[in-house]
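Single chain ahead, by itself, as structure tokens, in the form predicted on its own.
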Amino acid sequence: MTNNKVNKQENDWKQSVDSTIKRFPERKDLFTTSSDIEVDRLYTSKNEADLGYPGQYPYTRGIQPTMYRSRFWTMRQYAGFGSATGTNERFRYLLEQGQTGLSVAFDLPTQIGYDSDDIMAEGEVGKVGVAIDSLKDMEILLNQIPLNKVSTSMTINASASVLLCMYIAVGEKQGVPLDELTGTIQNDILKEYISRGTYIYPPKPSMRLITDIFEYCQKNVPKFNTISISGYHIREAGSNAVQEAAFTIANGMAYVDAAIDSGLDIDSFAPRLAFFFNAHNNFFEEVAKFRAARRIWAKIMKEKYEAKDPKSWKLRFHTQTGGSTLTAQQPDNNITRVTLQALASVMGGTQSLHTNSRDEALSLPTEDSARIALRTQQIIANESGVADTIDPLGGSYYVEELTDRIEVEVNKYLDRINEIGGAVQAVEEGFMQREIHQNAYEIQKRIEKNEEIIVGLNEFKLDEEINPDLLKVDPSLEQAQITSIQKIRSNRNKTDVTLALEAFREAVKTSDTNLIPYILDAVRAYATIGEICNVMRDEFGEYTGI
């Protein structure tokens, strides 16, 4: 088609738009994404970018040459509640239903390194995840689950080193060689300071633990992803899509800097870095966010850090659908929201996916709701056809423009964080926290003014009483867990525990000793998570926030 013909068609269309708007005014004066990027009425071929090919730098269209035509993403449902026994039953149920990987939720005492009988744990044992006090609990959690065949993701940060050692110790007891263990620990402490709050130690020793894990796993557990740099909780705290990508990538750069400063070669650890993103309802923006993040990270790793191994350039990521987007009102609507978000994740090229359950705005998911959430992924994979071609929205005028715009906006944030002195300094000064709080405030204002419609919440409401079947953790579980840990303390070899903890304390006092082998020895002796973390509390101190 000639340029003259294209221009005439465009002019004709604009005239028809003007006449149409006079009769039917548009719904808004300005359409924007959730990151306030203006959405044009129409995108044309003038916005088309140079896309490249999947599996090739800068990986805009995906990190693998064939993507889901070879195999689907890992369907990794996040689960955990109450006791190790109850969670093990849920894990085995989900595996029987076709789930292909495990994802462990831990309770708050475990996340911040307290035993279940600590006064700080009172009332929280087993409430938002499984309680793990010692190696014994981890053995029960993974009972009859072959660790050489199933990969496991563990959402754990401040106490990640201890939980990783417990997992390794269970692998040893199953006779699985360490180089066959696969999985991921979240291990992302910076986002805890930014958005979630389950930190224990100050940033500097926390970063030491993370680089110790990098070094230990590179030498001993080479297939384990040593960190999952997480934007999920940044988004849940109220950020928009651009902020989620920007702050997550900034944190990733901080971990790379810390590892290099500790003496590690970038290509020795970078291929095991993984990311964890959120998926919200603005479908095209979410797809574009994933594509832009992949491209930005590839350029940073190749051009800034001069990594040589192409595996170091690839941004591999897990996605979880947005828990904060779910509503307690008309909870069945959440199935539709999760479907949209899961579809955006797949169209954006995720490597693994968790789909939230419809009742998670009300309680921990029931078995029925967890199965529906898993079935949502299975229907997308097997029935929708979207996995049959790579990057199916690639070349969409709108998606390509949005990908470019998000890349620009994310890089603006990265420049600002660099001017502050990097992610650690930005966290300590509260920069990211303020940006997220302001955005969360703006979102809430728009909802309260009905400028942003949430179906069932501020529009399309029903006068009905909600009485769904909810999962409730048995309150007697806490006392049972306390009895269990006290029994373990009574039956273990006390000398072995004392010697292991003393050796660990001496290692902590040094600045250049890798702490992971010492934690592993203490775990093998059945030292508890509280005993191990308290050694570090004594020596590192506790972080109290800004």
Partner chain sequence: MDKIRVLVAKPGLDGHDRGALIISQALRDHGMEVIYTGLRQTPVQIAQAAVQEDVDVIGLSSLSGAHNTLFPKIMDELKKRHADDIPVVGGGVIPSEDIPFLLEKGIKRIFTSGSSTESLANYIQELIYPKDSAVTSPKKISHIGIAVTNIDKAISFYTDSLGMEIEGVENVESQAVKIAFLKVGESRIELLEPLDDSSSIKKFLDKKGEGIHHIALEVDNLERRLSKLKSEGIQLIDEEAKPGAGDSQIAFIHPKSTNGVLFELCQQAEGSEE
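Numbering follows the first chain given and starts at 1. These numbers come from a predicted model, not from an experiment.
The form predicted together with its partner chain is left out here; the points below concern that form.
Every residue in the set K127, H437 and L457 has a non-hydrogen atom no more than 4.5 Å from its partner chain in the model of the complex.
Contact annotation: of the candidates G395, G86, P222, G197, the single residue with a non-hydrogen atom within 4.5 angstroms of its partner chain in the model of the complex is G197.
Of the residues E429, E139, E367, E122, just one reaches its partner chain in the model of the complex with a heavy atom at 4.5 Å or closer; this is E122. Using a 4.5 angstroms limit between non-hydrogen atoms, K149 is distant from its partner chain in the model of the complex. Its partner chain in the model of the complex is not approached by P271, whose heavy atoms all lie more than 4.5 angstroms from it.
In the model of the complex, its partner chain stays beyond 4.5 Å of every heavy atom belonging to S384. Residue contact check for Q144: none of its heavy atoms lie within 4.5 Å of its partner chain in the model of the complex. Partner contact region in the model of the complex: 355-363, out of 86-94, 355-363, 313-321, 161-169, criterion any non-hydrogen atom within 4.5 Å of its partner chain. Contact annotation for 106-120: residues with any non-hydrogen atom within 4.5 angstroms of its partner chain in the model of the complex are L108, P109, I112, Y114, M120, listed in sequence order.
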